[in-house]
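Next up is one chain by itself, shown in structure tokens, the form predicted alone.
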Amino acid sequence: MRRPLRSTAVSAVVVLLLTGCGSSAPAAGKTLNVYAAASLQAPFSDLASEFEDSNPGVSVQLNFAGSSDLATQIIAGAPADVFASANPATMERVSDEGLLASPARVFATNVLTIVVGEGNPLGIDSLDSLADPAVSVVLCAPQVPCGSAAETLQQAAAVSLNPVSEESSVTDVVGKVSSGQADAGLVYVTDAKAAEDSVDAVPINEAKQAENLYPIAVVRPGNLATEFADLVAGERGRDVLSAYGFGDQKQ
């Protein structure tokens, strides 16, 4: 009778050991909520996939929208673990509410370009061309980083534009131009590159005068959030972002 008891005891120990090993598996079943500017969709999707591959059991949930909208959501209590904005001012809104668990750091830059319909049917060649009343122009809304950059650019180039609409994100601007609802729009060079099959890009000489800085910060403290922010701001993140047309970070 003793032998079965000994076997049962050993089995119980094995089960406990296996259970213990299972519970120590890093980040099993965890979800990481990343809120990021719409212009970051392509590189962050790639980086999220790599992060999940390196952290089995982790699911990275990406929420893309205009930075201003995301900041409003986070301030209202949205469960963001990481926030990546398209300009420092929007990040400061969240910081001023005391909602950042780490200092924000800049990880990339971006500049504006003109997007036009395929073949550039109106022959638009500069920012001045967009001031022609015959050209229908669409911009980002002023409260959105790309809209703020457009205002800065107009001031720097001494050009005044009268948009037919103001959109909440750069992807909406691209959509209006690619669908023919507008003749031209101002978006980031990265968005023009991503949509090169449906729109053409026209460089802007004064673009550097309205350069956007992209900051990232941890909102809810945790190892996964910190590791993802480190990935974005590190060498691998720079390589992926550069492949999509983003400029290098500024310290």
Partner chain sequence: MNAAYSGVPRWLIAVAAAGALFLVLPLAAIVLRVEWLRFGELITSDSSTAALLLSLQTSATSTVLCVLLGVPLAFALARTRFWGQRVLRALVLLPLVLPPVVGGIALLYTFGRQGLLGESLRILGVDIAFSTTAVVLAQTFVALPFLVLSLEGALRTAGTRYETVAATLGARPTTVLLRVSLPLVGPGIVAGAVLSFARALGEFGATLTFAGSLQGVTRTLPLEIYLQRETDADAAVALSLVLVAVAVIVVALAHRIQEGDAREP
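By rigid core we mean the largest C-alpha set that fits within 1.5 Å across both forms. Quantities reported herein were computed from a predicted structural model and do not represent experimental measurements. Residue numbers count along the first chain shown, from 1.
Unshown form predicted in complex with the partner chain; subsequent notes refer to it.
This chain is displayed alone, yet in the predicted complex one of 149, 127, 138, 82 has a heavy atom within 4.5 Å of the partner chain; that residue is 138. Interface residue among 143, 113, 109, 120 relative to the partner chain in the predicted complex, by the heavy atom within 4.5 Å criterion: 143.
At the 4.5 Å threshold, heavy atoms of residue 160 stay clear of the partner chain in the predicted complex, well away from it. At the 4.5 Å threshold, heavy atoms of residue 183 reach the partner chain in the predicted complex. With a 4.5 Å cutoff on heavy atoms, residue 200 does not count as touching the partner chain in the predicted complex; it lies far away. The closest non-hydrogen atom of residue 68 lies within 4.5 Å of the partner chain in the predicted complex.
Per the 4.5 Å heavy atom criterion, the partner chain in the predicted complex is contacted by stretch 166-174, the sole one of 98-106, 152-160, 166-174, 74-82. Superposed on the core, the two forms differ at residue 165: its CA moves 2 Å or more between the shown form and the other one. Relative to the superposed rigid core, residue 97 undergoes a CA displacement smaller than 2 Å between the shown form and the other one.
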